[in-house]
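Given next, in structure tokens, is a single chain: the form predicted alone.
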């Protein structure tokens, strides 16, 4: 690893603040609609809120994955976008954990298995070790704590790297980090340059990414099983976690592209160039294909095996107007973005990528509805004000926190050893 000090100048942070009131307005309107939705139809509100929650959880988890990949592959091109991805991932804890609280209180209205006796339901009995109330609540809390540890330690060392070589540098290793650093140095034979503050921060972020990617895979899978798949507890699928993962990263890549474009246009992140936008666009195309492959594979394997505990899930989603939603996902989640992103130059233009971002948001939300809503609307989608309210409330609140965190710290990593490489290749 290069130990050359790379210092990046940061622009003034106080420019262009008028647009920051938009999330506050969204929160107010969202709260009013949520209160109305809760009073009007408690169960509908519960499912609408869960749909919005799983949508925004996707952004937090997908952003965490992009940060992990940056460190695992020692990427240079993604160094300028790393900081705002860290802020997005840190929304997982405590903020999305707080947003989960209403789901905990409304769980009895969301998950039918909570009313069943496992001795009278074979499918529930087979999964009783996981699908019982104490385990469901305990596992939910543990997941947010794990995400909090991983995301905040990654951001901690990232921010400490900005202070390396100055009197403000702290760089404190907590117990577990001391153990991991010792293991890396003594058993793996990897260097740990404790005397070089800048490089030590990079080492610590890589250490967290090393075990973090396995922790990420396990926790994401468990989370989507507990909170979304368990709505229909009879359903078996070994690919469900990968399916949610693919959609989450797809949404997060598009979000990273649009945030980067806004920050560059506002003068907050001039370090972004064609290289970053092109690679994000290419990754968006790749995950468009990957999502389609995973979803088709899940459908094909379930259809081919014809096991009732699996097929009923898709049979339910082929009834009424849910059939048209399924077709719309095939066309909208794969065909349209795939064809639109094939052109190399298209990945660099606002005229294409801004509509693609809006389209990605719509398709991923439709995908979440496709997973959640058939339980209470078996004949087809039934839009409600609570859908809009929940999305505005959670999204607006998270946007406010993200913007505050973004401008409380340097928008771009100041002393990342790979920053010079990213700036040279534009």
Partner chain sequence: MSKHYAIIAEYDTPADIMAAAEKVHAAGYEKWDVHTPFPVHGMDDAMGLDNAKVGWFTFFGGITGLTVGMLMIYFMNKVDYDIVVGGKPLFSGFYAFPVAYEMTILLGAFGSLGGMFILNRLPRHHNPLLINDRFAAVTDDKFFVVIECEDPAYDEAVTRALLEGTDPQHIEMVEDAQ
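Positions refer to the first chain, counted from 1. These figures come from a predicted structure and were not determined experimentally.
Missing here is the form predicted together with the partner chain; even so, the following discussion is about that form.
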Notebook entry, point to check: in the model of the complex, which of the stretches 343-351, 240-248, 76-84, 128-136 has residues with heavy atoms within 4.5 Å of the partner chain?
Noted result: 343-351
Item checked: 4.5 Å heavy atom contact with the partner chain in the model of the complex for all of 236, 262 and 266 -> no
Check: Of these, 169, 218, 299, 183, which has a heavy atom no more than 4.5 Å from the partner chain in the model of the complex?
Finding: 299
Notebook entry, point to check: Looking at 174, 142, 315, 339, which is the one with a non-hydrogen atom within 4.5 Å of the partner chain in the model of the complex?
Noted result: 339
Margin query: Given that the partner chain is not shown alongside this chain, does residue 304 nevertheless sit within 4.5 Å of it in the model of the complex, heavy atom to heavy atom?
Written below: yes
Next item on the list: Would you please decide whether residue 119 lies within 4.5 angstroms of the partner chain in the model of the complex, comparing each non-hydrogen atom pair?
Entry: no
Check: For residue 274, is any heavy atom within 4.5 Å of the partner chain in the model of the complex, or not?
Finding: yes
